[in-house]
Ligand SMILES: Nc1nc2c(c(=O)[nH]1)N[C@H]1C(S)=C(S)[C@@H](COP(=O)(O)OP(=O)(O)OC[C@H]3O[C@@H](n4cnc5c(=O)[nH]c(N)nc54)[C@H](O)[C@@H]3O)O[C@H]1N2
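Okay, so here's just one chain, in structure tokens, the form predicted on its own.
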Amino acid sequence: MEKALTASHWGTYFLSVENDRIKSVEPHAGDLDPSPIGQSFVDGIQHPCRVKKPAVRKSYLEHGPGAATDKRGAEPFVEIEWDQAYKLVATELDRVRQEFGNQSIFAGSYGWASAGRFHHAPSQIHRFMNCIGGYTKSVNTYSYAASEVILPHVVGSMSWLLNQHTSWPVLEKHCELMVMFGGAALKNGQINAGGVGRHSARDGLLACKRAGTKFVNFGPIRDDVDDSLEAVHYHPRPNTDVSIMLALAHMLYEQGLDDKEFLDRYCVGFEQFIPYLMGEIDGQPKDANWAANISGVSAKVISDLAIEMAAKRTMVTASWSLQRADHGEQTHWMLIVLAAMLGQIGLPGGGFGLGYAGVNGVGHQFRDFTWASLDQGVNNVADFIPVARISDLLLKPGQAFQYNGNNYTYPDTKVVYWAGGNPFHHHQDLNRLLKAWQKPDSIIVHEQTWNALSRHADIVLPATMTAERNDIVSAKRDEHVYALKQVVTPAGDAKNDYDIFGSIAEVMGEKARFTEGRSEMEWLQFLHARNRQRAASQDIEMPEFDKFWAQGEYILPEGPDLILLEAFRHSPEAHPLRTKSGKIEIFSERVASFELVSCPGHPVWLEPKEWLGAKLAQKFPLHLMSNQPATRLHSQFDHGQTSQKSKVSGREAITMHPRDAEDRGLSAGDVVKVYNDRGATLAGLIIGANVQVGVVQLPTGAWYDPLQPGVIGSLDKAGNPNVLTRDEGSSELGQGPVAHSTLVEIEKYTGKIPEVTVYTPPEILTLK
């Protein structure tokens, strides 16, 4: 039995292969905390739900673009040959770009895709689109869109900050107190964009604990902090974290514990913020009693903690999830203001963090190195949308929208082309998305499985999975690079995205431009040569390609300790921030100039539309937390064994506090209906005190499986929370998703329990 190395966003493994089948998965010996998601390689790659041949929705094949778009998701597909598929796609792209312009092609293709640097689907599709004139794109991420927009006004870009977060060894030596808002969930730390050499988040946190760090967490889900850390837990109402941060800041200022020297030298705008904090503007001091009434956390807890934070070397952190809510821009902004008042930013073990364990790379000690990736070329289309505004794009052609202080217009979209990613996983209010999804003339996707995206497309082109191709895996904020070798034959007639786009480009007369005459292996050699050049610039000698390919892996020398904003603290004049003032902006004149009620010039508490303090909570009294799953990456491998073993009563599990279950007469294992005015889904019930009263936890990623395919508003059978979440922007500034500002109600499902069928392919017809 052959053993072959493979790497993924959730870890590195050895696959045992026999007769072209994966038989077992063994974690890499160097990874002491491997992710169980890897076990899904066994059945996930060879699953019956794989897309085996190019397929076209029946009405579309018979009548062409725009035919019966209301039947997307309900009609059978007809399998065709690759040559016909290439011509069909090329003809439609040519029609649209010639009649309407390239801005009418949306190829946001947002998603994690696979881990390889060459066969990275979004890079492939964007390169292809740029070869044929460009496309309307999306900007920012669902993970932290609101912060991506606000933080450049405050302290610097999110990507820049994440690349220099204080590392675990520094925290172990120096951090006395870690105050967490939203925890540091190790299930999230399983993942890292581009790959994981070794999982370090658990070891990093445990090392801090052994060294004496005290952990305090504010959050609705106890499991977001590992029990071994023995954290002190407080359970505020979801979406009220900013009120607690403001009250901590109020106590620091009132007691004279704020670091005035730091605020004077390294910050601007504190004097504009204080009148709001102290209630001089609205008559309401943002003190502990005020925050207690909003959050449910006692005033004494807040006041005592503020004094303790000022007395110790304190790291204040917030999860990414906090800003995926109404007014999400305020959470990370206020966290930074609180850290600035403590005056420990730039000191070892102190300051702030944004998403420790959010992915493995945050806190991981690594060498600053940018791995080579496929050049995407230049996009000649200026149009774009904020990533979470896909439904608005399709529903509101020609209408204006605001983003980051400017006004833009949604183009009229005729083609949606998606490769890598699944909007039916990551987007909110799927019933609204379904309505929007009927608008384009054509929806073309590259997909590996018959998930909701492929079922709601017009043309489906089968793509390979990781073990079915050759690639180089290298990650953000990780020192490992792996030679990923094909170990099994592609399922059916599946092809690499590169080969698919190359063949379409050939029909359109752009193959030479897209491929530059290189084969798959020649591209890998080219990328490796770039990596060697970059390594040589740091006096590191990486092996030549043939040696690297034979060895299978290479590890960069260990990087130095990382301390966030250390250079800035040492000399703000020599190392200014990339803000308008070069300093931390507690008050931003630029943001204030936008005159947005939803995001004023300094951080504030703004009441969400949906939270437990809203009038709507009388009708829908449970706050839904649709957090990241522990058994898959988003929706990837939901069909695999690790995810399937976590299901309850055949569908995604929802966790509810015992008191809430008792009030509704519910028992563990019940199939329950979770609903609000936007939609309803069925889930299997878990009862546990790891969620607070009034909160339910339903992870994202279950494949959308409507009882009546193609019918807007149909009951989802599988437990997808995005039939419930709101599709609105966090504010006119960031336009980020607000999934965590969602209210629901739950009842036992009393009808005949429907079977989950999404893991079985749809009806497939053979072309006569």
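Numbers for residues come from their place in the sequence shown, where the first is 1. Given the structure is predicted, the values throughout are model-derived calculations rather than measurements.
Just so you know, the form predicted together with this ligand exists too; it's not on screen, but the next bit is about it.
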query	finding
Check all three, A121, Q448 and L633, heavy atom within 4.5 Å of this ligand in the predicted complex	yes
Region of this chain that lies against this ligand in the predicted complex, out of 418-426, 75-83, 476-484, 540-548 [heavy atom, 4.5 Å]	418-426
Candidate from H364, R324, R389, R455 lying within 4.5 Å of this ligand in the predicted complex - any heavy atom	R324
Heavy atom within 4.5 Å of this ligand in the predicted complex - the one residue of E652, D497, E329, E585 that qualifies	D497
Contact of G351 with this ligand in the predicted complex (heavy atom, 4.5 Å)	no
This ligand contact in the predicted complex: I191, any heavy atom under 4.5 Å	yes
Touches this ligand in the predicted complex: S730 (any heavy atom, 4.5 Å)	no
S319, heavy atom within 4.5 angstroms of this ligand in the predicted complex	yes
Contacts with this ligand in the predicted complex - residues in 226-255 whose heavy atoms fall within 4.5 Å	P238, N239, D241
